[in-house]
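Below sits a lone chain in structure tokens, taken as the form predicted on its own.
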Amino acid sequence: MSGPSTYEPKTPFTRWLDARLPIVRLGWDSFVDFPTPRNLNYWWTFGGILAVFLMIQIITGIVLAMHYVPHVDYAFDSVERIRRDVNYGWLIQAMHANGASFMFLAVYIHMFRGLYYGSYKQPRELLWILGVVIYILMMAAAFMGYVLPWGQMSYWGAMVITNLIGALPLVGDAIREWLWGGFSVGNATLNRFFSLHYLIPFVIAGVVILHIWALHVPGNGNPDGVEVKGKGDTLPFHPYYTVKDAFAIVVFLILFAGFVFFAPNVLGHADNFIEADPLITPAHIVPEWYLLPFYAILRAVPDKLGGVLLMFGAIGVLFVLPWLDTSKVRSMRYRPLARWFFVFFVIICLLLGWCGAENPDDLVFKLGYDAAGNETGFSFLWLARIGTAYYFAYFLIILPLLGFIEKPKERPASIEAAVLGDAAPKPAE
């Protein structure tokens, strides 16, 4: 926890402001003198990276909304006009489109770090839940943003996903018709998606504030998973972690700039550069790469409703994760068995992404030919089913059981002891 405030106003104006609206004190206590565990590694910098990319998405999105036309007859052309005719439109559009991918890359790393180091465990359950809420809002904003260019993949992606929502019992049809604004995907749908896509990032910003607030109550977790026991365990956030985060942000922005300037369209789908045509269905309808694992889970079940429930369940299980993991040890640094299961879980998530990008009936590898001369082998559908089974087993079976059967390694007595070891100062005799 941060403890009592150390901020001291120096000028008459800051003293006057502090007595009425202590906003400078809040910033000082939250981002300057906030006691932060001294052993945080670079995996902890992705929260700051996400904050930077959220600002990039909001700013570029506001500019793009000034020129975009949310109408089925003009949307596709307006995006092309932004790229070709608006001053620096090519740059702003490329930053916004690639920024979504980089934001999801950062959030996945952030979430996997939380899973590995047990950042969801008591007393940080609400912090984790707010993070999952942010993730769901990001997915909603990304899906609706994918529809706005009104290309072939935009239109048919909207058609497929909204029809899946219609499979939900009792409320599915009503939600689908509300999203459509009628009886099919059309102009009303595009207007709704544009409005929601514009609104959701500001909602995300609000939840991010709650997320930071929830972080500053118990304080940061750390790679060793032990709680702060004294001043020797912490360092002030500034300058130590502001410099470290700034370096990581610059490195990430350099990678981002490489895509924006040299490969702005490589992460998009070629069919989305064709204007939407309700009469021509693309050969293979796929979402953006960051949604592919859930698309694979959706298609792993032949039943439409079952697939939808599994897809939503794959996200919903994250909300109850703090209570599913029964181990008293937070960090997998000291859980050798859990570490192997986690590594395999990451591999499975990548495999599910691969399966989501491929035709489920295509073969991963061939085994031979049947009597009719057709190729036989192991299909992407079965690989997705195996991956789906492990995904749910990891949360619902493996993590609950590991707390009872695993023997953790000995943990350090404090963060200071873990960092300094024998070099730690000893009390005078």
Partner chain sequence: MTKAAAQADHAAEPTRRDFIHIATGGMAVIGGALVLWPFIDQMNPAADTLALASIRIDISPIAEGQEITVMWRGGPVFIRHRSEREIEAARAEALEALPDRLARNDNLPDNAPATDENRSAASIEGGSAAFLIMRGNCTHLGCVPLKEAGDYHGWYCPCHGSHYDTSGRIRRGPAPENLSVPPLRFVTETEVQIG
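Everything numeric here is computed off the predicted structure, so don't read it as measured data. Numbering follows the first chain given and starts at 1.
As for the form predicted together with the partner chain, it is not shown, yet the points below apply to it.
Novice: Going by a heavy atom distance of 4.5 Å, is residue 81 a contact of the partner chain in the predicted bound form?
Specialist: Judged by the heavy-atom cut-off of 4.5 Å, residue 81 is in contact with the partner chain in the predicted bound form.
Novice: Closest heavy atom of residue 67 to the partner chain in the predicted bound form, within 4.5 Å or not?
Specialist: Yes, contact at 4.5 Å.
Novice: Even though the partner isn't displayed, in the predicted bound form is residue 313 close enough to the partner chain, meaning a heavy atom within 4.5 Å?
Specialist: Contact with the partner chain, no.
Novice: Check residue 26 for me: does it contact the partner chain in the predicted bound form (non-hydrogen atoms, 4.5 angstroms)?
Specialist: Residue 26 lies outside the contact set for the partner chain.
Novice: Mind telling me which stretch in 329 to 337, 82 to 90, 187 to 195, 295 to 303 gets its heavy atoms within 4.5 Å of the partner chain in the predicted bound form?
Specialist: One stretch meets the cut-off, namely 82 to 90.
Novice: Mind checking whether each of 33, 60 and 236 has a heavy atom within 4.5 Å of the partner chain in the predicted bound form?
Specialist: So, yes: the whole triplet contacts the partner chain.
Novice: From the list 95, 144, 161, 115, which entry has a heavy atom within 4.5 Å of the partner chain in the predicted bound form?
Specialist: Residue within 4.5 Å of the partner: 95.
Novice: Answer with one of 323, 202, 240, 344: the residue that has a non-hydrogen atom within 4.5 Å of the partner chain in the predicted bound form.
Specialist: Among 323, 202, 240, 344, a heavy atom within 4.5 Å of the partner chain in the predicted bound form occurs only for 240.
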